[in-house]
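Presented below, as structure tokens, is a lone chain in the form predicted alone.
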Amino acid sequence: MRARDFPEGFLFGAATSSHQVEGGNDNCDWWDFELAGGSKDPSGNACEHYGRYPDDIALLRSLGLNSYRFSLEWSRIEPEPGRLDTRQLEHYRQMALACREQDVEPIVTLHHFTLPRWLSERGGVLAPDSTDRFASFCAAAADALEGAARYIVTINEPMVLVLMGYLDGVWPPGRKSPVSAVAAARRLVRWHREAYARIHARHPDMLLGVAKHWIDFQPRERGSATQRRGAQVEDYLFNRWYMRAIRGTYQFIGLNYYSTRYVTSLTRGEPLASADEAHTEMGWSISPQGFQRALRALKEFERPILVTENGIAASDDEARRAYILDHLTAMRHAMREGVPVIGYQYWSLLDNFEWAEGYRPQFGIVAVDRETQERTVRESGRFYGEIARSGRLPHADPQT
């Protein structure tokens, strides 16, 4: 029998986030933003995952996956400043324990874009006491998860929140201010560092990290020194700056990778979709080679890498199957080059609420009927599950 492409115990799984799947998260900034017309659809009841999670975790396990990344909803846990809802803390503890009962490793994200309404009304990320509020919430969540979850992601995609919410203004709080964007980026560094300090002091056995969205910036013309320099500048500002600013405060690195962006000058780049390349229905160029380059780049930080998101929006499931195979193959190449990858979480387990884009994009390896909530496993999910079970890629290139 051919040797495994991925080691025993490799964390093959899928990911979701609370607001995108739970339904009824009506006490957060995103709910208000949706009602004000900030999304193509309101999130509404989403996938009703809040009540259906036991069946969804069992479905994930039935596919052959051994890990599940999900997030806590801060606005449920702390509905008013300083008042923790112990029932909600227990709910998320039970989610983690439900994973354990299915032999699924829970990977828990503490902040995945949404903020409690009360914090949003006081300035959100830039509120004077937001760092202390966030760190206190994280400490309480870690206490509730003790003995149930080991892998903890403090913040999901901090620089995406900065870009979309404070520079482009298309997510809450809807600002278009470079000054606010810089202040928000610096504040999110403090959020992570303080949360890390409090959790690590109380629970030193927990493994802490950040889920960092990494764009593969490349010069459109490799012979252009200006474009090469522009790609280096964007790579530093979006990718490396944050990770260097929090160096020493993580036991693993979460990588969210989706696309390559081509840079055409010192200050401009093309959209994530290149006209002459295949792209997803989100308009993002499909570049498994960029995934391999991103994994190589993260070796700089000398920690194990857990791919916390990678996936495709596609109505054609064959495109999803090909995307998964190509990206897992690129990941295997990186691992054989010495990149310390410990797991891969496909985004996403379920078709869900895709923020400002509403329900149109279909990322899930499991389809969800918006009317009946019926789950249907796609063939791409079965294909991915077979790789997870066997630890082998089909049609492996013999020289790698």
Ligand code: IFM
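Don't overthink the numbering: it's just position in the shown sequence, from 1. Every value quoted in this text rests on a predicted model; they were computed, and no experiment measured them.
Beyond the structure shown, there is the form predicted in complex with the ligand, which is absent from this document and is the topic of what follows.
Participant: I need to confirm a contact call. Of Tyr166, Tyr92, Trp191, Tyr258, which residue comes within 4.5 Å of the ligand in the model of the complex, counting heavy atoms only?
Facilitator: Selected option: Tyr258.
Participant: May I ask you to choose, among Trp30, Tyr68, Tyr344, Phe363, the residue with a heavy atom within 4.5 Å of the ligand in the model of the complex?
Facilitator: Contact with the ligand in the model of the complex is made by Phe363 alone.
Participant: Can you check 230 to 238, 111 to 119, 294 to 302, 70 to 78 and let me know which stretch has heavy atoms within 4.5 Å of the ligand in the model of the complex?
Facilitator: Comparing against the ligand in the model of the complex, the contact stretch is 111 to 119.
Participant: Candidate spot Asn156, Glu309 and Trp355, all three in 4.5 Å heavy atom range of the ligand in the model of the complex?
Facilitator: Yes.
Participant: Is there a heavy atom of Gln20 lying 4.5 Å or less from a heavy atom of the ligand in the model of the complex?
Facilitator: Although the ligand is absent here, Gln20 would touch it in the model of the complex, with heavy atoms inside 4.5 Å.
Participant: Look up in the model of the complex whether Tyr151 has a non-hydrogen atom within 4.5 angstroms of the ligand, and give yes or no.
Facilitator: Looking in the model of the complex, residue contacts with the ligand do not include Tyr151, since no heavy atom lies within 4.5 Å.
Participant: Even though the partner isn't displayed, in the model of the complex is Trp284 close enough to the ligand, meaning a heavy atom within 4.5 Å?
Facilitator: The answer is yes: Trp284 has a heavy atom within 4.5 Å of the ligand.
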